[in-house]
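Just the one chain here, laid out as structure tokens, in the form predicted alone.
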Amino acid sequence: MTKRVDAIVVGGGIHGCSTALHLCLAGVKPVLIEKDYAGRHASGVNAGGVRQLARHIPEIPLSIRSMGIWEKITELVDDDCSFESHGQVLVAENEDELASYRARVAELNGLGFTHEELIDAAELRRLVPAVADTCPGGVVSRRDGAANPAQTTTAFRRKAEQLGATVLEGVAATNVRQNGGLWHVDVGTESYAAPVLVNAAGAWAGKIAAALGEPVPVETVAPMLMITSRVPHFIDPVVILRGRKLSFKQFKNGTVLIGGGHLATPYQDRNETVLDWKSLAISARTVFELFPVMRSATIVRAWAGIEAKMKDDLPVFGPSARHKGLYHQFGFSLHGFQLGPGAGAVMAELIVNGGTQTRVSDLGIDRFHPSAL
């Protein structure tokens, strides 16, 4: 027997859960389908960066929209998600990098974006006292911060269910098809039908898009993270580098989370990853060079999460270019966590109202496929 619902959301990461929640707030009761459990992959095991800093220009409006929600996250999901706003700092390791950051901030200011602020060596050391003396400055986004990714995704899932979403975990969505003006999805022995289908299946979303005639240049990746032993408190902001791959933050208990984009080998069909220890050693060495206080720390454990990375590093977000009632929300390319709350709100607006005041037109799948509607 087929169950009729208002919408079908495939994927229980932060994006699928946020969209389900915001649809409920708009009076649309979806079914949310997750083949494992909410936050099992990238959404639950990422670095938790809540970052407007150093984003691609086309996704800045969505990031700004999301930041406003992060700052009131407890009101939305009845959970603070361990969100803290100590800013994020992009450190320049030399004068050439600082010059490029100066040009970047000027470009953003010219476009009306003021969240990134160029800082000199003195301000850098006020914000990050332990940084190496050779660093001449950087960029700060003062409203940025970090949150607990597993706690956040779980909070969105829980609130969506409380508001009326049906959440199905541990069983995959299969046989996705359109028939009679409705989208149909099989879930184990059950079937669901709805006028709206949201493809938020993370690393598996590209296969769904391709099966529906909208293939995109997407690959499966597995960014690695590691956690250190405890060291005395030395930093509040999240710190990132661009010349060398690095991001890190210190927790209240003194441990330090190190990331930055080095990749493990993903085995998507088995839900497994194999870590690249040589690359992790590079990340650790970069931290030790930049922050001498870290040289006594040891690596306690490391892991990786599976996610989708687009060729142009921009997410696929918005309505299908081919099918009425189909929406894509995937390919966030190692920087989708902060966007989750805002992306869910905007997706709900696109579905319910047919449009949004938040500029997302440059993120559509039609950049790969001319509209066929």
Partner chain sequence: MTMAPKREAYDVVVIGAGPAGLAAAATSAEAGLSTLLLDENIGPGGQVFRAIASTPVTERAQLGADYWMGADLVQALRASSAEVIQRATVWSLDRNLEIGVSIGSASAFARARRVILATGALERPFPIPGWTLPGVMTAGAAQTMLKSSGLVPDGRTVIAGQGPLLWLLAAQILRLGGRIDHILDTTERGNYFAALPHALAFLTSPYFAKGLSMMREVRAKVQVISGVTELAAAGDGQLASVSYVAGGKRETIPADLLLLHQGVVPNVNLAMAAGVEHRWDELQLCWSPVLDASGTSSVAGIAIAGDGAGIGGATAAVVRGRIAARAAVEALAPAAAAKLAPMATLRTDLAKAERGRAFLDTLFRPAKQFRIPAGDTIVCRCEEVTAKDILDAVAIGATGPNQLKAYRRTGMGPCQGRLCGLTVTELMAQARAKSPQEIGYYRLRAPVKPITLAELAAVPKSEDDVKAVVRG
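Just so it is clear, the structure is predicted and the values come from calculations on it, not from any experiment. Numbering follows the first chain given and starts at 1.
In what follows, reference is made to the form predicted together with the partner chain, a form of this protein that is not presented.
Chemist: Does residue 93 reach the partner chain in the model of the complex, with heavy atoms at most 4.5 Å apart?
Modeler: Close contact exists here: in the model of the complex, residue 93 approaches the partner chain to within 4.5 Å, heavy atoms only.
Chemist: Whether residue 278 contacts the partner chain in the model of the complex should be assessed with a 4.5 Å heavy atom distance threshold; does it?
Modeler: Heavy-atom contact with the partner chain at 4.5 Å: present for residue 278.
Chemist: Using heavy atoms and a 4.5 Å limit, would one call residue 40 a contact residue for the partner chain in the model of the complex?
Modeler: Within the cut-off, so yes.
Chemist: Do residue 274 and the partner chain come within 4.5 Å of each other in the model of the complex, heavy atoms counted?
Modeler: Flag for residue 274 set to yes.
Chemist: For the chain shown here without its partner, which stretch in 145 to 153, 202 to 210, 130 to 138, 174 to 182 has non-hydrogen atoms within 4.5 angstroms of the partner chain in the model of the complex?
Modeler: Stretch with heavy atoms near the partner: 145 to 153.
Chemist: Can you pick the one in 296, 100, 109, 74 that has a heavy atom within 4.5 Å of the partner chain in the model of the complex?
Modeler: Contact check passes for 296.
Chemist: Among the candidate residues 263, 118, 284, 168, which is the single one with a non-hydrogen atom no more than 4.5 Å from the partner chain in the model of the complex?
Modeler: For this set of options, the contacting one is 284.
Chemist: In sequence order, which positions of 237 to 273 have a non-hydrogen atom within 4.5 Å of the partner chain in the model of the complex?
Modeler: Result: 243, 244, 253, 255, 258, 267, 270, 272, 273.
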